[in-house]
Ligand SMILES: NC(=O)c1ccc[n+]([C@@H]2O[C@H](COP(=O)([O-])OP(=O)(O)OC[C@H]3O[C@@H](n4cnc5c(N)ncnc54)[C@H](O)[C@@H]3O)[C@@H](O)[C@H]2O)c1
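Here you get one chain, nothing else, as structure tokens; it is the form predicted alone.
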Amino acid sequence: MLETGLKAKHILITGGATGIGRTVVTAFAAQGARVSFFDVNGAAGRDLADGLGSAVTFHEVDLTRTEALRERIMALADEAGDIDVLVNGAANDMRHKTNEVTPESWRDTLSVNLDHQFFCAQAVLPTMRRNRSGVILNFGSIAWREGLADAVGYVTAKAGIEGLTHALAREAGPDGVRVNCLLPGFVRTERQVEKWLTPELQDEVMSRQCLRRFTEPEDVAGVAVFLCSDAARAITNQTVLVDGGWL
């Protein structure tokens, strides 16, 4: 049996109320970890936490409010103990025509998809480095490598996440902190099915992937748990794709 070493570890997950994040929260809870998760969707977050027991706590947080976010992370560490693992999972794959982007909408898109990943990492790194142990897992997307149309801000943010990952991994590695990036492909979440999955897109997914099946949230969550576990203790500064072989 794979020894993950995650039992009783304190895991902070952003964007954990719905979609892939919801499955990631559930997967870490199944490892016996103490899971705290942030999301702006209060109803969905409370519903998930209520169903997973006392080891899982939900905090309604707007990740784009940077100062409040950092204060919430500091308070959480005081309340529940040092954060051992940070999973930066929150995102919004909004679509937008390039000619319709304004300075304000551009800033909003990067804020919700990129900025908080850095500021969450910045908040937890001092303690991780002092403890000489810790894991940060950033969620990106194959969207930037594929060049997703009508989403230039989202694509730019996702490209930035890989750069952020490599910079932090190199900086924090000497102190025993691992930093990796996970890139999902098309994942069959409720949001993706409702908003984007057409017969044409299904045909494209099945023709582009090596595997002729949809990637499910559980597929992504399993890799996330592995990368944050002791089984991956020699893995850092890496980008791991979970895309069914699309790229």
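On a predicted model such as this, the values are computed, not experimentally measured, just so you know. One rule holds for the numbers: they count along the sequence shown, beginning at 1.
One more form of this protein, predicted in complex with the named molecule, exists but is not displayed; see below.
- Although the partner is absent from the chain shown here, D39, A91 and F186 each have a heavy atom within 4.5 Å of the named molecule in the model of the complex.
- Of the candidate stretches 27-35, 46-54, 202-210, 186-194, only 186-194 has residues whose heavy atoms lie within 4.5 Å of the named molecule in the model of the complex.
- With a 4.5 Å cutoff on heavy atoms, L227 does not count as touching the named molecule in the model of the complex; it lies far away.
- The named molecule in the model of the complex is not approached by V177, whose heavy atoms all lie more than 4.5 angstroms from it.
- The named molecule is not drawn, but in the model of the complex it has no heavy atom within 4.5 Å of I11.
- Under a 4.5 angstroms non-hydrogen atom cutoff, the named molecule in the model of the complex lacks A221 among its neighbouring residues.
- Along 53-78, a non-hydrogen atom within 4.5 Å of the named molecule in the model of the complex is carried by V61, D62, L63, T64, in order along the sequence.
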